[in-house]
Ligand SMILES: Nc1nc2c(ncn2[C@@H]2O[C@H](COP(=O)(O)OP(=O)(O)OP(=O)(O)O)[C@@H](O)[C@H]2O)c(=O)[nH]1
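One chain is shown next in structure tokens, namely the form predicted alone.
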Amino acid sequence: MASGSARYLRYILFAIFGLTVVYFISSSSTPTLSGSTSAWTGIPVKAGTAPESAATGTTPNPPPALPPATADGARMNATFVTLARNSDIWEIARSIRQVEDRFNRKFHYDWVFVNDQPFDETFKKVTTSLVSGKTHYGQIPKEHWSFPDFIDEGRAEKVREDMAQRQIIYGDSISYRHMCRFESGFFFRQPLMMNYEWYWRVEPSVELFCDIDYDPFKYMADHKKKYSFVLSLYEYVETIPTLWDSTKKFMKEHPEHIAEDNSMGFLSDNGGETYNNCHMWSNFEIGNLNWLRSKPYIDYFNSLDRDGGFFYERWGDAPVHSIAAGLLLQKDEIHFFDDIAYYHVPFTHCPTGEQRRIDLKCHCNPKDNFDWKGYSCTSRYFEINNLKKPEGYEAEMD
């Protein structure tokens, strides 16, 4: 009995010792809050301080440098950017969760949200709680989201009525036109965006199907890329009947802006006489903000803007960005991110090749891949750049 009691006593002492060790280890490894983000305001909060007021306007200085996000270099001066309304909160929450889980939880990039109305507290609280970087909220100035004074609003109204009768998608929408003009010429000039060199555009209700274990911003910088895409297709002809005429006028007036080794072969089947309507879908794009702020791009946007096609027709920002990139950039400055698997209704980009999808932990169905279908322009991109198409692409053409 005595020996049994001694044995039980030793067990109790060992248990007490083990619990003590676990307590001290867990206490010493608790992370600090330095550099965290207030879940209510999106303002950086230092440990032991109270949060400041919500960020709704200009950030005066570039974001502070963080420790290296990858083994081979520091984090880039980059941000995600989203144009959203308060009513988009749960759709954009889904998109943020996708981006964070597949990529940003490892890199902690910032997120800029812009809206033509003030963001409400629910939008700020939910989005900031989901983002691993810092969040910033800005309101678009009226001059960037309204009819410019050179537009005949009566003529524009008749255009919308006609498009509504012809059932052209978004043909009767004023807000859609403001959005296309804003994304074409103003998002990169918002005060909050002026702190950054690179952007990744994210829209509500998108999906990422594969892990992204490297930094696409760093890839773009290291390989001297300025614009990128994952989906390409033909634009609705009815929405852009005179866009190419305006572009040809610009090319004639500004030959100095046209890149020598450009991507005209992606845009035209006859050397630029007509537009084949191919464009890169801009609801996903990673790009260089300094290029968009450059004189060639600003001159192109201003020329289009004065021609009035954003309101007298229904020019989209996707063909505007694509034509600008195709003409103003060298071919090798545009990149196709084959390994970033992506969905935006109704199209899917899923990497071609079973082993590639396994390596990237993808959950997309390869039968849904749009890249090699007849209405996609991605084959044309491969051809003009003399790129070899991935093995097995033929099986996804139908």
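Predicted model only: the values in this text are computed from it and were never measured. Residues carry their position along the shown sequence, with the first being 1.
Keep in mind that the form predicted in complex with the ligand is not shown, yet the notes after this line are about it.
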| From the list L304, L328, V99, A84, which entry has a heavy atom within 4.5 Å of the ligand in the predicted complex? | A84
| Option touching the ligand, based on a heavy atom within 4.5 Å in the predicted complex, out of Y312, Y234, Y214, Y170 | Y170
| query | Judged by heavy atoms and a 4.5 Å cut-off, are D110, G133 and F187 together in contact with the ligand in the predicted complex? | reply | no
| Of 199-207, 124-132, 156-164, 271-279, which is the one stretch near the ligand in the predicted complex, taking non-hydrogen atoms within 4.5 angstroms as near? | 199-207
| query | Is N115 one of the residues lying within 4.5 Å of the ligand in the predicted complex, judged by heavy atom distances? | reply | yes
| field | Exercise: K373 in contact with the ligand in the predicted complex, heavy atom 4.5 Å | value | no
| Interface membership of I358, the ligand in the predicted complex, 4.5 Å heavy atom rule | no
| request: State yes or no: in the predicted complex, is some non-hydrogen atom of M179 no more than 4.5 angstroms from a non-hydrogen atom of the ligand? | output: yes
| query | So which residues in 330-364, when you check the ligand in the predicted complex, have a heavy atom no farther than 4.5 Å from it? | reply | H344, V345
